[in-house]
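Okay, here we've got a single chain as structure tokens, the form predicted alone, with questions on binding and movement later.
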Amino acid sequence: MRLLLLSNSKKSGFGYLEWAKPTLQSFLGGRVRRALFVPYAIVTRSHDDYVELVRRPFRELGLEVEGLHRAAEPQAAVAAAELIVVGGGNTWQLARSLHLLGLMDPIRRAVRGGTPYVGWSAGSNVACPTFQTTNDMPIVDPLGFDALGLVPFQINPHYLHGNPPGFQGETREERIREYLEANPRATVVGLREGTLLRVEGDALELVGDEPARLFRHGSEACEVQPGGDLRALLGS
């Protein structure tokens, strides 16, 4: 499988997805001409608006973008896609839409069969076995927590270590510890802003300027530096 799992689309001082452009260029390598964009995580804007937002950065990479919501037969469109791109937004809304449209299995089959996959935020969450380590508010019934299971570990995008001064609520780490207490066999990768995971077959690499934070039940969390070989996580 070939996956790019981004923590975020926007970064201070950069345009939309611009911070990830060098890795996207390397990942796509000029081999893809059309991207099928899954816009279902968006809530406060239309699907068409979301597609237009994504078109510009992908056109700069030489790709045309088609919105899955416009396909007469969404499952067939997924099966025929050259590249599947799943945008961020609300993961609960995204999961519900994928379940309602019967798209979990078709996307899973396509990606496992060789179709490259790019996701950010909610799009990275649904690449995991479940989306239970999302930060999003449960605004809808997701019709199940199961997700695509393209990687065997969980991701917490937008990971923020500690809390801003004066904030007394639970830290992100405390929330992840709660998840691990209930799911002790899971592994969680906290992806900070401006970082991504790149999967190429049995290789897994952290790309970006910040370390990721790795959580396992019963162990101290550890920092994983960019550029390191993380392929052991693919067996987690």
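Just so it is clear, the model here is predicted, and its values are computed rather than measured. The first residue of the sequence shown is number 1, and the count goes up from there.
Here the subject shifts to the form predicted in complex with a further copy of the same chain, a form of this protein not shown in this document.
- By the criterion of a heavy atom within 4.5 Å, residue 119 is excluded from the residues contacting a further copy of the same chain in the predicted complex.
- The closest heavy atom approach of residue 27 to a further copy of the same chain in the predicted complex falls outside 4.5 Å.
- Under a 4.5 angstroms non-hydrogen atom cutoff, a further copy of the same chain in the predicted complex has residue 137 among its neighbouring residues.
- For the chain shown alone, residue 225 is not a contact residue for a further copy of the same chain in the predicted complex, no non-hydrogen atom being within 4.5 angstroms.
- Residues placing heavy atoms within 4.5 Å of a further copy of the same chain in the predicted complex fall in a single listed stretch, namely 125-133, out of 77-85, 125-133, 98-106, 111-119.
- Taking the partner from elsewhere, no residue among 2, 58 and 195 has a non-hydrogen atom within 4.5 angstroms of a further copy of the same chain in the predicted complex.
- Residues of 7-46 that come within 4.5 Å of a further copy of the same chain in the predicted complex, judged by any heavy atom, are 8, 10, 11, 12, 43, 44 in sequence order.
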